[in-house]
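As structure tokens, one chain now follows by itself in the form predicted alone.
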């Protein structure tokens, strides 16, 4: 082993040790606990697959998992639709204020998550800004705005939107906007130019943004607890319940493994899509 390699290992050792102790070992412990059982709030090391059988056979857990998958998909789709125009305008017309404008999209992160959710309650609640405005015009309040899946979706979109904007913006930094103008000169309408040029050349950034939004939404519990209520509860709420009131930690660990597996599957899919895109781009440039 040469001096350069030893020096590199020495510099990387603290980071690797940190990841091993605080990331790898906890994940391994969760996987191990998922094959144990819980009795009277105590973990019993009896290896079995009963926890996974419960999750795959009982309709309640499957319903909440499906609800979370649908919610994560909808929130991700909404984020893509919203983030693209914002990121496009900043990247193309932001000028020297690009960085400031991008940072402004992340301004909500300057406060805590609970405070942001509380602010949404003051907007969407029965006596919130929206319903008070409707009432002042003689219109009945909209009850679906609060303690529902709609409120949960609005809250989650609001929380994770900046990640999508940032991912799309970073992919547009190296995009040549003159290609759009050339397409328009050759008769392409703006929508067609976007679909055939801007979107394909920047879909890697969009895919990364989808991961950054989909995964935290899938495991969310706080937002749905405060905004969704009983009607807007998600898989994360049931998972948190296992480590709280019921004390069924082994089942909760199995639920965590399921979420981790779904997240890993999504990341693998995105890596495959991005890799295929890069290979196709290299092939085209080689021609």
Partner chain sequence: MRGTFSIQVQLLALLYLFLYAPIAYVIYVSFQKDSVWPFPPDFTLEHYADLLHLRDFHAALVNSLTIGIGTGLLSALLATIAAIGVLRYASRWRGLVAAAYLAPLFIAHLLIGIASLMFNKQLLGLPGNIGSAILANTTYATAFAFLVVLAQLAKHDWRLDEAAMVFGAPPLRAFWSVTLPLIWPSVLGAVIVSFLLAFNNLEVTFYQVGARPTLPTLAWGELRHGVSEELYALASLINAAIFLFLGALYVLLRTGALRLDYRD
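In this text, the rigid core denotes the largest set of C-alpha atoms whose superposition between the two forms falls within 1.5 Å. Numbering follows the first chain given and starts at 1. Here the structure is a predicted model, which means the values were calculated and not measured.
The protein also exists as the form predicted in complex with its partner chain; that form is not presented, and the subsequent description refers to it.
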| query | finding |
| --- | --- |
| Heavy atom distance at most 4.5 Å to its partner chain in the predicted bound form, all of 61, 70 and 173 | no |
| Any non-hydrogen atom of residue 26 within 4.5 angstroms of its partner chain in the predicted bound form | yes |
| Any non-hydrogen atom of residue 229 within 4.5 angstroms of its partner chain in the predicted bound form | no |
| Distance check, residue 35 to its partner chain in the predicted bound form, heavy atom within 4.5 Å | no |
| Its partner chain contact in the predicted bound form: residue 222, any heavy atom under 4.5 Å | yes |
| Contacts with its partner chain in the predicted bound form - residues in 224-244 whose heavy atoms fall within 4.5 Å | 225, 226, 236, 239, 240, 243 |
| Rigid core superposition, residue 10 Cα moves 2 angstroms or more between the shown form and the other one | yes |
